[in-house]
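Just one chain follows, in the form predicted on its own, and it is written as structure tokens.
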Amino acid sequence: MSETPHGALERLAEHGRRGFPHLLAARRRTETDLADVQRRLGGIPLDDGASVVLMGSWGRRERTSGSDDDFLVLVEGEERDARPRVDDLDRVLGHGTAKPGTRGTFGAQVFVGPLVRHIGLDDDSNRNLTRRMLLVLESLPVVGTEAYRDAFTRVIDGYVTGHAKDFRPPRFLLNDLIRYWRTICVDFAGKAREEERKWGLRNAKLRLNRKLLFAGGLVPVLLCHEHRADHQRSFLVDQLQAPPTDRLAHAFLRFDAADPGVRALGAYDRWIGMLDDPDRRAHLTGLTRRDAADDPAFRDVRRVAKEFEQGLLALLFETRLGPLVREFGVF
């Protein structure tokens, strides 16, 4: 079986009767939209070492009709005057209903030096952690592909160089990944305290999109136990450049768990179909915590999320990954 996860979603789809029509349609939409954005940004001023990077549904290759434009201008080195500036992108990204989030994480220039230097301790803010982990877990370059690749590799270097050990998962990266997942969960509760609106959609995304992101990062990190320390960087770069659905599909196939894989990603596929329905998405966005308890649409989300979770648990605890999860993922 191929070592690379790229294209694994299509291979896993062949094991089920229904396939993954919504995921594959969202992947095609992402490719089409990416080509359009690249064309429209073709003449943008671009300094050496700079790239424009898309995240969120772009990076997961699962864009739907309601997807946002979560982007960063990523610049090598330390803070300085660099192009493109965020204002240079306004005509293409971050405008209208597709503007990036309101908390300042996206739609900004980010310099790779501080992003890597401040791993851990007080200077590693929630925002810095989020940007770094999303760069690793769900990012896609629009322009400046070589600079993006260099930045991506440097972030991986920050976790493995001087820390990795032969045939052991890199604990530095593993612990930060787990920290990020727990931060997402805590931040969800914090946002719910601030604003009841959007509770339904945020909760659904936590159960599905965010869990996919975490599991899609956890598996490649654990698989580093098969490699010497000096090969783990290149292994992680290759693995993490694939969409998270490909990473998980590859693991399900590799560990002879095609049936739970079809069930898990089939459930996730149904969720992507829900997200692509404007009426259903709007309904979930308007649900408060109190309303969601008895809401038929939210009950559907819970059922889909439970099926997805059960498939992930089968992969992580009922295959040859199980001993690694118990040894490195618990304590």
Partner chain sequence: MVSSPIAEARSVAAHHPLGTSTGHLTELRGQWDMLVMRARDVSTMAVELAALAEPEFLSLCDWLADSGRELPFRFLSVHAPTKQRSLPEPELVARLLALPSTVDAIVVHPDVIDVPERYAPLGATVVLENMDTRKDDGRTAAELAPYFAALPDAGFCLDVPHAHSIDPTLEEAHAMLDAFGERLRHLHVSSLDADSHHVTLRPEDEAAFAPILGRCLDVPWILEAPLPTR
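All of these numbers come straight from a predicted model, not from anything done at the bench. Positions refer to the first chain, counted from 1.
Separately, the form predicted together with the partner chain exists; it is not shown, and the next lines address it.
Asks: Just one of 28, 303, 289, 40 has a heavy atom within 4.5 angstroms of the partner chain in the model of the complex, so which one?
Replies: By the 4.5 Å heavy-atom cutoff, the listed residue in contact is 303.
Asks: Of 259, 90, 166, 79, which residue is found within 4.5 angstroms of the partner chain in the model of the complex when only non-hydrogen atoms are counted?
Replies: Partner contact (heavy atom, 4.5 Å) among the options: 259.
Asks: Can any non-hydrogen atom of residue 294 be found within 4.5 angstroms of the partner chain in the model of the complex?
Replies: Residue-level check for residue 294: yes, a contact with the partner chain.
Asks: Taking heavy atoms only, is residue 263 within 4.5 angstroms of the partner chain in the model of the complex?
Replies: Within the cut-off, so yes.
Asks: Please determine whether residue 24 contacts the partner chain in the model of the complex, using a 4.5 Å cut-off between heavy atoms.
Replies: No, no contact at 4.5 Å.
Asks: So in the model of the complex, does any heavy atom of residue 309 sit within 4.5 Å of the partner chain?
Replies: Yes - in the model of the complex, heavy atoms of residue 309 and the partner chain come within 4.5 Å of each other.
Asks: In the model of the complex, does each of 193, 212 and 283 have a heavy atom within 4.5 Å of the partner chain?
Replies: No: no residue has a heavy atom within 4.5 Å of the partner.
Asks: Exactly one stretch in 273-281, 57-65, 29-37, 294-302 has heavy atoms within 4.5 Å of the partner chain in the model of the complex; which is it?
Replies: Answer to the contact question: 294-302.
Asks: If you look in the model of the complex, which residues in 214-248 sit within 4.5 Å of the partner chain (heavy atoms)?
Replies: Contacting residues: none.
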